[in-house]
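Shown below, as structure tokens, is a lone chain in the form predicted on its own; questions about how it binds or moves come after it.
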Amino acid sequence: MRASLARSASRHTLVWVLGSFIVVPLLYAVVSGFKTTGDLTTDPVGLPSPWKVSNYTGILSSGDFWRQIGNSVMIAVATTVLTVAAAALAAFAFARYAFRGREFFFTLFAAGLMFPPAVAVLPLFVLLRSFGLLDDPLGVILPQAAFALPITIIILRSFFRTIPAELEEAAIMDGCSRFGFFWRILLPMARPALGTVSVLAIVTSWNNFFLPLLVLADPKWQTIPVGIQQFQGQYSTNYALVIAYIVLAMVPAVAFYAVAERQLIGGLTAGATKG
């Protein structure tokens, strides 16, 4: 009994310690956003005196901030739709069809995980310029979707393979086509996995800094990560204002992840529990 209580107490202590490494910096950033730069210099760990709410309200009233949020949302949603649609079809073929070279082509997709996007910067830039996609959101959406395909296909394929073949045979005997089985039966059953890959694609796109910086030179298409860099360069000496901008830029991503966290974990474990 005592050993069990000791193990439980140690686990809870570990969770609280690890959680503090995440929560404390976030709380510090939020509070620091209410300070002046002078307060941060003289008393970095104290409470603001007075609380400078204008740091946050000034940013929230800025049209540039909301335009960057809108651009990030638009690019993230478009990337996710394109990635999940293409990956679901590819994963269905890799999981349910037997054809020559299937494992070879799947290995090629999986090998894409070993190459970071930075490796393809120069040829990607030349290719986008030749197609006229510089300063165009498509110049970010299409490469992001391409780089997200490997992990998305791997997750969906592993889930699709857990669906019994007898279910597909019964659907075909009832007059359902292969695509009809995919659209009417397989996709609804794969909602946990689809939710998982959608969350991963959205978060990855939202946090992407390098590709939008490379492709989108026009300020009207800048995303929020690029906007943070531009804002920091403009107000490099006003540390409190920059921290407030970063905090507000984090809010959509943190809120989305808090809502989708259960879906993400459930989808990652669904394939393992079904097998």
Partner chain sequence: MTSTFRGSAPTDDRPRPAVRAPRGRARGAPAGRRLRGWMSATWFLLPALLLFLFFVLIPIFVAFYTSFFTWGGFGRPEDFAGLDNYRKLAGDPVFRGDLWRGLFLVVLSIAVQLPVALGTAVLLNQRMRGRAVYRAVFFAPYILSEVIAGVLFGIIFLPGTGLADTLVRDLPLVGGLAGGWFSDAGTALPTLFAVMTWKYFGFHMMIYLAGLQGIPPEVLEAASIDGAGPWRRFRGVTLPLLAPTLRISVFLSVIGSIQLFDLVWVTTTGGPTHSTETMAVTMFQFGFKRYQMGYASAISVAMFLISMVFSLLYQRYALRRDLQGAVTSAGGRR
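The term rigid core refers to the maximal set of C-alpha atoms that superpose within 1.5 Å between the two forms. Because the structure is predicted, anything quoted here is derived from the model rather than measured. Positions refer to the first chain, counted from 1.
Note that the form predicted in complex with its partner chain isn't included here; everything after this is about it.
Taking the partner from the other structure, its partner chain in the model of the complex has a heavy atom within 4.5 Å of a heavy atom of Ala145.
In the model of the complex, at least one heavy atom of Thr162 sits within 4.5 Å of its partner chain. The closest non-hydrogen atom of Val77 lies beyond 4.5 Å of its partner chain in the model of the complex. Mapping the unseen interface onto this chain, Gly175 falls outside it, with no heavy atom inside 4.5 Å of its partner chain in the model of the complex. The partner is absent here, but in the model of the complex a heavy atom of Ala249, alone among Val31, Ile59, Ala249, Leu216, sits within 4.5 Å of its partner chain. Contact with its partner chain in the model of the complex, defined as a heavy atom within 4.5 Å, holds for exactly one of Gln234, Thr41, Ser54, Ser49, namely Thr41. Using a 4.5 Å cut-off on any heavy atom, the residues of 17-48 that reach its partner chain in the model of the complex are, in sequence order, Leu18, Gly19, Phe21, Ile22, Val23, Val24, Pro25, Leu26, Tyr28, Ala29, Leu40, Thr41, Pro44, Val45. Relative to the superposed rigid core, Pro252 undergoes a CA displacement smaller than 2 Å between the shown form and the other one.
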